[in-house]
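One chain comes next, on its own, written out as structure tokens in the form predicted on its own.
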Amino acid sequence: MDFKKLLRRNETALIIAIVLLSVIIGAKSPEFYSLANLFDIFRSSFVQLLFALGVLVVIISGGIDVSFPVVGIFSGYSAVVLMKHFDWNPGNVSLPIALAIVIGVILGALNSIAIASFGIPTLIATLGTSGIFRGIMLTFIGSSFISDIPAALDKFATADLLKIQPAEGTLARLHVLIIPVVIITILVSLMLNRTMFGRSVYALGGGVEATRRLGISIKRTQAKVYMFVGGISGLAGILYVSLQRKANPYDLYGSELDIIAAVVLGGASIMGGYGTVFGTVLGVLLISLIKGNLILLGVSGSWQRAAIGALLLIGITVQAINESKKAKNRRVSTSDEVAG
């Protein structure tokens, strides 16, 4: 294996950054190394990671989606409202999860119509639908805080896979969600790398015209991408409602910066055509570390978004520099071939 090439990989840089940040935070606050804190970091990353996996697929395809937080809370909040309205009280979370995913897919389909059918640029389309979805939710579905969510969702918030009580310190609780989230993460990786749809997504991000010449349907691929993002955002939204044990239609709005930053830091090219699930996982962990532990370093919580915004700019700048170097190398290679 080429050691220099390994060091240049985004994933390697992220692992080093996570380790260094952990050492710095741990030196300031030894409680950071506790098992309870580790499990808390995992718990705070579950919903973010699901959103990030959807955004990863969009960015690889050469698009950008800023509507996913609204799609998520729209789906989660609507599922709760429907269950309360019809007095549905299932013994498990299957029904609310299925409802939220279906609602998310429908909203994703509306995004895909705007993008694939009408050719509206992805940023403009999702920015517009984000406002439309939010307006519909607050006007027709509800704008009030719901604290008495269905019992199945409330109970799921405390469903622990593992509980460990150390001799000294806080009880460490690992939520059962780690199992489905790991499975979904693996499935998304397999989808991107082992299926025709995944190859179509990478091809689309590499260039529309080249994709068309390969015989891949641009509109069909875009439709699948945004319906997938809608579905996984709906899942993330209902899980967020469950973990918070409340349904607030004003939640999640504005969280797109954190998720997009995590995906870009994970190495996904903002120009499309490249991105890995492993890098996205590392990006989400880094953002979770920053959001949850900057205060332990004496940094005001108000600087969190500034730090994340700065990281996003750094990630995009590094990508731009790398693309510039690649373009220069291609020009040099072409010149050498012509001279030869």
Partner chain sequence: MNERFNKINSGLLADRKVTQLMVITAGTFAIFSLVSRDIFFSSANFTSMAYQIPEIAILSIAVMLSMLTGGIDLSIVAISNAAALVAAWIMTTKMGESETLSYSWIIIACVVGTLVGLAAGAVNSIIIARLDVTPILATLATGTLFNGIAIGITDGVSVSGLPENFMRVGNGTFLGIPTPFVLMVVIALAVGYFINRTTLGLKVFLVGTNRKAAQYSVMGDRKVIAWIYLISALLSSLAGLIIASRTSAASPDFGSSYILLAIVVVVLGGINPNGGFGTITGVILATAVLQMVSSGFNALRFSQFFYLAAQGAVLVFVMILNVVLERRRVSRSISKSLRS
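We call the rigid core whatever largest set of C-alpha positions still superposes within 1.5 Å between the two forms. Bear in mind the structure is a predicted one, so any value in this text is a computation, not a measurement. Numbering follows the first chain given and starts at 1.
Just so you know, the form predicted together with the partner chain exists too; it's not on screen, but the next bit is about it.
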The partner chain contact in the predicted bound form: A27, any heavy atom under 4.5 Å: no
Proximity of L35 to the partner chain in the predicted bound form, heavy atoms at 4.5 Å: no
The partner chain contact in the predicted bound form: I260, any heavy atom under 4.5 Å: yes
4.5 Å heavy atom contact, R43 and the partner chain in the predicted bound form: no
In the predicted bound form, the residue from I164, V81, V102, I120 that sits within 4.5 Å of the partner chain by heavy atoms: I120
All of N92, F278 and L286 with a heavy atom within 4.5 Å of the partner chain in the predicted bound form: no
Residue stretch of 308 to 316, 290 to 298, 43 to 51, 27 to 35 approaching the partner chain in the predicted bound form, non-hydrogen atom distance within 4.5 Å: 308 to 316
Contacts with the partner chain in the predicted bound form - residues in 129 to 152 whose heavy atoms fall within 4.5 Å: T129, G131, I132, R134, G135, I136, L138, T139, F140
Per-residue C-alpha change between the shown form and the other one, V318, threshold 2 Å, rigid core fit: yes
